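Just the one chain here, laid out as structure tokens, in the form predicted on its own.
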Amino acid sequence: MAQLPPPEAHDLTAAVQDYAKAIYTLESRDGAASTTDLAALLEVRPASVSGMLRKLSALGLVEHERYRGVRLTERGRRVALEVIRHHRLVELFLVESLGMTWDEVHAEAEVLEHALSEELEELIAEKLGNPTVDPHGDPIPSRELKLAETEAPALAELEPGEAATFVRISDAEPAMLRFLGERGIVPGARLELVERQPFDGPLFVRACGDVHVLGATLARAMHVQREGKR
């Protein structure tokens, strides 16, 4: 009997898709995903995570490494990247075509990413000119589900006198996005670190013709490409 093809994101429940995406996020950051970290990221109880991980394992989407947590299989990675592609395309469509601001689109995309058909995904991608990044600078997986990750240190890692281009920031904190957007600090903006206060204090950053005071939490969330010191 011929084997059935592996399930893609649109064949699976929204909860399964959310778990695959969350595991991908944690795996990219920490190498693997623990039950505790998944529960915190998804805001659910650890017992719920354990039950869902058993389901994902039965679907062939994850494998468990003793003492190290879970990792996505190649099948699970494809599911996660397909959901991420949907999410980031939807965010860009909402900004470019519907005029929403970059701090408004994350919650909408969280819902719409599960409902997007492959046909609509392609129409949106073509309408937008097959983009490679979303409104927050995050890379959009290709049709082949390849993700072009680039090295981008946090703004907080710069030294005074260093210049850089702002390239991306997480879409999960609307208040941060509103704060930056109101000051014109968006991906593509040139930044220069003027001064850093000690003991995890604020950074003074020149951008868009002014010097702005940015808190340490925000500076760690902003990712840049270094240009060098003046």
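A residue's number is simply how far along the shown sequence it sits, counting from 1. Small disclaimer: the values here were computed from a predicted structure and weren't measured.
Not pictured, yet referred to below: the form predicted in complex with the DNA.
Residues with any non-hydrogen atom within 4.5 angstroms of the DNA in the predicted complex fall in just one of 160-168, 180-188, 195-203, 30-38: 30-38. In the predicted complex, at least one heavy atom of S50 sits within 4.5 Å of the DNA. Residue contact check for T13: one or more of its heavy atoms lie within 4.5 Å of the DNA in the predicted complex. In the predicted complex, the DNA lies farther than 4.5 Å from every heavy atom of G60. Among residues of the shown chain, V44 is one whose heavy atoms approach the DNA to within 4.5 Å in the predicted complex. Within 4.5 Å of the DNA in the predicted complex, a heavy atom is found for none of F93, H106 and R143.
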